[in-house]
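Shown below, as structure tokens, is a lone chain in the form predicted on its own; questions about how it binds or moves come after it.
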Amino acid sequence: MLTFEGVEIRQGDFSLSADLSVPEGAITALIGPSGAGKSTLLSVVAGFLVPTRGRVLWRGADLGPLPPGRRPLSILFQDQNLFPHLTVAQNVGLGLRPDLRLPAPERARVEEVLGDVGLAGLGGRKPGALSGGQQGRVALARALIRDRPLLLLDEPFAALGPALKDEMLDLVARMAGRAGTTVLMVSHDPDDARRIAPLTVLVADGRAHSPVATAALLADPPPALASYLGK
């Protein structure tokens, strides 16, 4: 379970509080107005931002003392952060070893994960030779090969067209379900939450609310969410 225990974040005029738990193995969406603090919450979990007070716990253990690289998570941003001078296989291999000195079993693992995300046989290509959807698959493969129990998504597929985005979301859901990965997904599109996230955390008015069933929340949104959705 991922727990925000009395977390408060203050940056100038911005403030956000979170006192909630996200079930392990679930896909949970973070939704709310722009600037409400959805990405900020991910940054706190990832260790890029230290909360003003409170703790973030994973399976009961405080993540606070751990630097970002040692936290049990992977994160995908809107910018896929692929290295154009490296091949697809090398970009994915970075998830295992930054020096890319991969022994044979790890090279085989790279090929296996590329197959899992539908990129079998494309390991020798450069990212610039791929479509936007394929580049998203490379970034996802690099996150998955790290085999971390938490996956944070900061709208990594927002620039894709609707069909490609749905394809990538379905792939995330399928791969996360297979591995039992806990996914926390920022989205500005309620359809993303409807598609793969059974639970949603509303982030609005300075507070991240406890997760509730996505369908029920979107069917009867509270005023802050209704205003954001234009209802």
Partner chain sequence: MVLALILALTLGPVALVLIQAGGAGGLTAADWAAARFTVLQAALSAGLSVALAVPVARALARRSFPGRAALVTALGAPFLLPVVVAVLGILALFGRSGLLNRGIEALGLPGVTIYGLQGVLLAHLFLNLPLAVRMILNGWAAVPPERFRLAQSLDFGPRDVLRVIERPVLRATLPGAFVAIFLVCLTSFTAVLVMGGGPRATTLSLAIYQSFRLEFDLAHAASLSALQMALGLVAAFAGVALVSPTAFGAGRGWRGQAWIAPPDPRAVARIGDGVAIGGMGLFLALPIGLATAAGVTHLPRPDAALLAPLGRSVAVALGATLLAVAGALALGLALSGWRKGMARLADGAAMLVLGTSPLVLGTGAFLALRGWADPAAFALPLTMVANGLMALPFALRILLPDIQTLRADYDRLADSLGMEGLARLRLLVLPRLRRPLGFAAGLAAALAMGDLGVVTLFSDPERATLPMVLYERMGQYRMDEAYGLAVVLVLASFGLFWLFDRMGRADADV
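Positions refer to the first chain, counted from 1. This one's a predicted model, so the numbers in the text were calculated from it and none came from an experiment.
The protein also exists as the form predicted together with the partner chain; that form is not presented, and the subsequent description refers to it.
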In the predicted bound form, which of 55-63, 166-174, 41-49, 186-194 comes within 4.5 Å of the partner chain (heavy atoms)? 41-49
Gly121 within 4.5 Å of the partner chain in the predicted bound form, heavy atoms: no
So in the predicted bound form, is the partner chain close enough to Leu82 to count as touching (4.5 Å, heavy atoms)? yes
Is there any non-hydrogen atom of Pro198 lying within 4.5 Å of the partner chain in the predicted bound form? no
Hey, in the predicted bound form, does Glu112 get a heavy atom within 4.5 angstroms of the partner chain? no
Pick from Leu144, Val117, Ala89, Ile75: which has a non-hydrogen atom within 4.5 Å of the partner chain in the predicted bound form? Ile75
Using a 4.5 Å cut-off on heavy atoms, which residues of 90-128 contact the partner chain in the predicted bound form? Leu94, Pro98, Asp99, Leu100, Arg101, Lys126
